[in-house]
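In structure tokens, one chain follows: the form predicted on its own.
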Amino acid sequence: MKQLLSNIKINVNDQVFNKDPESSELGKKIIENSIILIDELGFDSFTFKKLGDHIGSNESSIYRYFDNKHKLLIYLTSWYWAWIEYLLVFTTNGIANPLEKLKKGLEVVAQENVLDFGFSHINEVLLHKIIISESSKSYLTKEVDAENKDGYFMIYKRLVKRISEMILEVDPSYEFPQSLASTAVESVLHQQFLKQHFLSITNCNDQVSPLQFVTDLVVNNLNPIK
């Protein structure tokens, strides 16, 4: 599976970037090192100037690919959710039982021990850490409605829709499939963050995983078809 997935081309909305970073070695270097620096510094302290210094390139060369660091973050989050979507489709394909299929889908979304599938310029382990701590900054902005209209968050919404469809396969009568699916996806990230930083307000710990909580949350709201 690792070799198969490493050959996949992840597609991101081309309105997010000025020039596709996948199209050149410099673009790939920008993506690779932005992940390293955002993980190291945090998104708020990350700048294109620091990235340029880190990769030995002019700051202006980075702007040829992205208008600003906000769009770069949208690119990274979109790439991550597209990768998770590929994993979800791949690992649930052929599972006939709807409940088992849903549980496997949640397992993919809630993975904590992320594996490196060998993408040459993407460190999925570091990217996963960024998603937990920084991804909400990609949409908690005044521009979210306009960016949503332009399709910036299409991949994320498509993943949630896949989960909601799995929910309806288990329980076609359930009234709130999209709300439950989006809550499950966001709860995974939130509980992973709490587990790392605020143990006093979560039951997730070394013995209880966010996956266990989210699976309980989702499955116990459904009445599976007999």
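The first residue of the sequence shown is number 1, and the count goes up from there. As the structure is a prediction and not an experimental result, all values here were calculated from the model.
Keep in mind that the form predicted in complex with the DNA is missing from the display, and what follows is about it.
Enquirer: Does F198 reach the DNA in the predicted bound form if we count a contact as any heavy atom within 4.5 Å?
Expert: Contact check for F198: no, nothing within 4.5 Å of the DNA in the predicted bound form.
Enquirer: Using a 4.5 angstroms cut-off on non-hydrogen atoms, would T183 count as touching the DNA in the predicted bound form?
Expert: No, no contact at 4.5 Å.
Enquirer: Taking heavy atoms only, is S164 within 4.5 angstroms of the DNA in the predicted bound form?
Expert: No.
Enquirer: Applying a 4.5 Å heavy atom distance criterion, does S24 contact the DNA in the predicted bound form?
Expert: Yes, S24 is a contact residue.
Enquirer: Is it true that Y86, T91 and K104 each have at least one non-hydrogen atom within 4.5 Å of the DNA in the predicted bound form?
Expert: Checking in the predicted bound form: none of Y86, T91 and K104 is within 4.5 Å of the DNA.
Enquirer: Any idea which of 155 to 163, 169 to 177, 63 to 71, 186 to 194 reaches within 4.5 Å of the DNA in the predicted bound form, heavy atoms considered?
Expert: Every other range fails; the passing one is 63 to 71.
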